[in-house]
Ligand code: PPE
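Just one chain follows, in the form predicted alone, and it is written as structure tokens.
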Amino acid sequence: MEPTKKIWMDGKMVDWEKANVHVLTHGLHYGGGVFEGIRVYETAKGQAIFRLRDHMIRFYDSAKVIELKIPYSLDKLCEAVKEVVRVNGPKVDYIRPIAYYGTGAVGLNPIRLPTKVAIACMFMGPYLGDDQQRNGARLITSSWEKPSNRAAALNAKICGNYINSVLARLEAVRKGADEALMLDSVGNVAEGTGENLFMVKNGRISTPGMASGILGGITRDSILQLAPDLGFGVTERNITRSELFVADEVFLTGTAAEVLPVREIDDRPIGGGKPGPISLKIQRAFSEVTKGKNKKYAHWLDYLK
């Protein structure tokens, strides 16, 4: 990751190398923070941030779940996100807002601690690589499962939740795969380590529902709205692991991953072992939206100029 010029921290622009936190920061020790990942796209009208306000609403909702009080208005943080991208130049394609409990106590109770907020940006490119984006990713089913909804607030984008995903991703990498598939606490399909999952069978698209312990992805929501425009209905339902093995197509969605076809799961080729026609059609349609070529969804783009 290449350094950028500035990071917004608690209302001020700070040099990249000076954007530090104290070693006793509560959020560092206990995972008490929330974050977002937001994409920036190049369009004919210049740089545009994709679904900025929707991302930041989820940011506030996640903070509410862990009783983290963000001391800035939604409008203030949306404008701060834009300013960070402007300051750091045209190569930026990914933004990371984060809020977390600061210093003042070592115990588990953070109720009197200050909230710290930062917004960084960087160049990411294709999340899993150009080849995977074009030809499909290889997945394994992780031995690590998602916690139950009784054990964690899985529908919020909480920092501490992601150690589960880190373990699964490490397992996938060590086994030579691109990404890990995670099952929920009763053995049904949940999501990837940082992506939602869609399955295509006989021209019908299915995706796990929120009760499966998934994050309500912004890209997932975009596909739920885009698919009917292309003539495809989407059903939210429980999906078993073995259903994926006999699916015609599988694809992942996420801010970082965008729309990512899957060509193999647990050494079994999916469909023809290459991206299927519906996955590719949705991938193209999503790309047109993010590049400002679909007027119906023009409101999803916040232009910087």
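This structure is a prediction, so every number in the text was calculated from the model and none was measured. The numbering used is simple: start at 1 and walk along the sequence shown.
Beyond what is shown, the protein has a form predicted in complex with the named molecule; the following relates to that form.
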Heavy atom within 4.5 Å of the named molecule in the model of the complex: which of Pro110, Gly194, Pro97, Pro208 fits that? Just give me the one.
Gly194
Checking Tyr72, Tyr162, Phe232, Phe123 against the named molecule in the model of the complex, the residue with a non-hydrogen atom inside 4.5 angstroms turns out to be Tyr162
Would Trp144 sit within 4.5 Å of the named molecule in the model of the complex, counting heavy atoms only?
no
Do Gln47 and the named molecule share at least one heavy atom pair within 4.5 Å in the model of the complex?
no
Do Gly217 and the named molecule come within 4.5 Å of each other in the model of the complex, heavy atoms counted?
yes
Indicate whether Ala256 is a 4.5 Å heavy atom neighbour of the named molecule in the model of the complex.
yes
Does the trio Arg134, Arg263 and Gly276 actually contact the named molecule in the model of the complex, every residue with a heavy atom within 4.5 Å?
no
Within 4.5 angstroms, counting heavy atoms, which one of the listed stretches 50 to 58, 22 to 30, 263 to 271, 236 to 244 is next to the named molecule in the model of the complex?
50 to 58
For a quick check, can you give me the residues of 108 to 138 that have a heavy atom within 4.5 Å of the named molecule in the model of the complex?
Tyr127
